[in-house]
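One chain is shown next in structure tokens, namely the form predicted alone.
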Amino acid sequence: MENTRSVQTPALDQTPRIVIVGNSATAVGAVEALRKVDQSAEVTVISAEPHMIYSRPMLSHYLAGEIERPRLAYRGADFYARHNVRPVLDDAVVRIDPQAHSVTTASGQTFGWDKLLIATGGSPIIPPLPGLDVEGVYAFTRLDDALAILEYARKREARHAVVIGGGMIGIKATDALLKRGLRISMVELAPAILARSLDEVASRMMSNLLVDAGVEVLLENTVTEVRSSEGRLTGVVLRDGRQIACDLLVFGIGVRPNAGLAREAGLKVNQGIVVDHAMRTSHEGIYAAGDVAEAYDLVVDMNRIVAIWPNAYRQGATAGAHMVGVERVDPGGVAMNTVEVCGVPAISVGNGNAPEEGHQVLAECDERAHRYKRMVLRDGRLVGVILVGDINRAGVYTGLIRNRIDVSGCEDALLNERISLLSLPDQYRKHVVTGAGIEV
């Protein structure tokens, strides 16, 4: 018998039904926010993945062997029980019906809702290459990907991996597999790695670290064909005709918003699902947040996708509160990306790789010591930062960007490695330090 249940629209005095599609940081933020003010709502979280909540930013550390699997947990195993939430795992939502106020899953279950939060994140970008459907080819965005890579590498005693993509995902996969002792060839279509986050100088520094560690970095190139024997990967062919023998292929090109369900349901979708400051979509009662949402970015003053973990949690909390009647709005996101290559960290905040034209750029570099700072200002306000090596003051810079503080007259202090509250404008000091008897 098909596992379904009928859907009925409840009377206004019945317990409100909230359905959250997705089981990551956005869902956690939503649940924690709504339960602060509403203990009675019937909350269901539906996920295509079979796992309880885990931290995606920690996956590369797990792949590298730096942490054990329990460290991946983002919340305890009892999180949903403590918050009176029904988790439905390993069952993807395949249809959203805004008119019937229902969602249907792959197993045939149907769930009614009064408020719906779409938190489906992103799907890995995998181009349709000839010969792709063979053993030894993986994406790297989910826990199942990491588990599969580790199992395959162990079983086949993998020695040489090709990683396609020199962005954040590709770099993290490369660094992790390098720590596992594999030889790596990294193929990037752009003329530089991490080009969307770093400027030319920082990109060159990170690339040199990889090369010094033995990674073959192939720029302005791509894989055009996958070679195999008896259903198992044996190598790849590059656009320039070169062939690379390998026994593991990892796609780290990036992700695209998993917005197909919303588009099919008639919601307004550009690159991602378009939302307002309360995370409301174009349809009454439906919200979207996290990597699938096209939300406000306060640095560029427009809606765009900022697919980072802190944004996902904060947007989820905004949506969760709003779904139970709290008039909360999201102030806007700030793009922030962090990566570590061969023990050297790098971080980009805001519009850190903006061109010099139209901006004031302050920079300080010591490539031999793997240290670099780049500050981007516009109209007296900090709008972007790139740090390589020493990232300890990233929080201070992020605060200046997020709060749009006028730093005119304090520019010299921005590059000072001992930057402190006392060297910053009064308005920022008063913003972050408050309390009886405190002089700022």
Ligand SMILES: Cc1cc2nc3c(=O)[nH]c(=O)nc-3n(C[C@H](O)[C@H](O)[C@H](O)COP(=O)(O)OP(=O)(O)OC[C@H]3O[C@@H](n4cnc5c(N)ncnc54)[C@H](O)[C@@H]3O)c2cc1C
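Note that the structure is predicted; figures quoted are calculated from it, not measured. From 1 onward, residues are counted along the sequence shown.
The form predicted in complex with this ligand is left out here; the points below concern that form.
Q: If contact means a heavy atom within 4.5 Å, which one of 254-262, 178-186, 197-205, 71-79 is the stretch that engages this ligand in the predicted bound form?
A: It is the stretch 254-262.
Q: For the three residues L34, V85 and A278, which mark the spot I'm curious about, does each lie within 4.5 Å of this ligand in the predicted bound form through at least one heavy atom?
A: Result no, not one residue of the spot touches this ligand.
Q: Could you tell me which one of V299, A295, A312, A321 places a heavy atom within 4.5 Å of this ligand in the predicted bound form?
A: Only one option qualifies, and that one is A312.
Q: Ok, V329, A92, A363, V326: which has a heavy atom sitting within 4.5 Å of this ligand in the predicted bound form?
A: Comparing distances to this ligand in the predicted bound form, the residue within 4.5 Å is A92.
Q: Counting only non-hydrogen atoms and a 4.5 angstroms cut-off, does T141 reach this ligand in the predicted bound form?
A: Flag for T141 set to yes.
Q: Is R402 one of the residues lying within 4.5 Å of this ligand in the predicted bound form, judged by heavy atom distances?
A: Taking the distances in the predicted bound form, the answer for R402 is no, it never comes within 4.5 Å of this ligand.
Q: R381: heavy atom within 4.5 Å of this ligand in the predicted bound form?
A: Close contact is absent here: in the predicted bound form, R381 is far from this ligand, nothing within 4.5 Å, heavy atoms only.
Q: Consider G395 of the chain shown here, and say whether it contacts this ligand in the predicted bound form, taking contact as heavy atoms within 4.5 Å.
A: Residue-level check for G395: no, no contact with this ligand.
Q: Of 40-64, which residues get within 4.5 Å of this ligand in the predicted bound form if you count heavy atoms?
A: The stretch touches the partner through I46, S47, A48, E49, R56, P57.
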